[in-house]
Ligand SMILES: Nc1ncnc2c1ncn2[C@@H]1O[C@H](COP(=O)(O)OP(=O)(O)OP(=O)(O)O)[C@@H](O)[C@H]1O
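Starting off, we have a lone chain in the form predicted on its own, written out as structure tokens.
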């Protein structure tokens, strides 16, 4: 029996390989965009929905290699360009040192060496590293194209507006370079609602950019992750355990991986076992407890930040969150317009103004209110940014739940888990 490392089977913090699930709903569109010369790509969706896993696996199928870049708050396009240039060193310098060839022209290798030498002059200085003037957008596209790579930029929504505009311009340059380098492209990965941002900054990209939304994983797709893990590790999750994992995952593959990994590790299963091990409800209870102990503090902190109001405020934020939760149950949809939310709010607060609803909704998508909501400008709809936060908020408002403390910030991980357990029979999957 072949042995597999449990940490390679269930991978909550990195792209899945052994348990990769081909997402049919987006697979055709993504592969077509990757194969189309000059087509630049924006992939967007919820954090943990499988964007990076899907894209990484498809890139590995169609490209020999790619340049990985990760954006954080404050990342600039100049920083990204320098990182990409440095990463290309393995293609240009290695070839020179080892006297091997991968088709890169001698003249381009010489240009790369010149720019690298200019860049090296900045090392060891206290001044901020700057992009050498020779490293234009066109030249970088040429270097990437000659190396037969694509460039994957994750979390591009975190860069500032000015740099998003520059990213749009950079994508246009890469698009134009496809006449000589058909496979050259930038693939930007972002959060829900960011698909139109590149086009907004450069209208010429409207027909040359493929915007690919990656939805939350379906019930069947989550179940396939679990079943692949069962086969590789020779373990078995009871049907009711599978169902609960799927419900609690809320469409997020990363959560499914985390719960399954925790059950394995809690039982000392670090690789494929000789005799089949069966997981029960008690194993999942412990895994959920582990998960919530790690995350409940951040959920409570976000809730406090989102619902805090200044003294003397006439209308609070809680009625808006209650209305959203009520409508998601009643209408069975997660995305809601301000008008729908306002109408629901007025059922209990008849004088609540529409303008105030819009004001708070715009705050709730900002860091000021912990970004607990997301906004889709194209459809003018709002939705919870984090399914677990949605569950926590629902817990705080549930008429059937009486917290031991009136202060919501004192809700414990055990209380959250108890509430989720009580809810499980109501979930759509378990009613099938």
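Positions refer to the first chain, counted from 1. This one's a predicted model, so the numbers in the text were calculated from it and none came from an experiment.
One more form of this protein should be noted, the form predicted in complex with the ligand, which is absent from this view; the next part is about it.
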- Message: Residue-level question: is residue 47 within 4.5 Å of the ligand in the predicted bound form, judged on heavy atoms?
- Response: yes
- residue 40, heavy atom within 4.5 angstroms of the ligand in the predicted bound form: no
- Message: Residue-level question: is residue 244 within 4.5 Å of the ligand in the predicted bound form, judged on heavy atoms?
- Response: no
- Message: Taking the ligand as it sits in the predicted bound form, is residue 164 in contact with it (heavy atom to heavy atom, 4.5 Å or less)?
- Response: no
- Query: For the chain shown here without its partner, which stretch in 247 to 255, 174 to 182, 204 to 212, 268 to 276 has non-hydrogen atoms within 4.5 angstroms of the ligand in the predicted bound form?
  - Reply: 247 to 255
- Heavy atom within 4.5 Å of the ligand in the predicted bound form - qualifying residues of 1 to 30: 11, 12, 13, 14, 15, 16, 19, 20, 21, 23
- What changes in the predicted bound form is the Cα distance between residue 374 and residue 171, by 3 Å or more; the two atoms are farther
- Query: Any idea whether residue 160 and residue 374 get closer or farther by CA distance in the predicted bound form, knowing it moves 3 angstroms or more?
  - Reply: farther
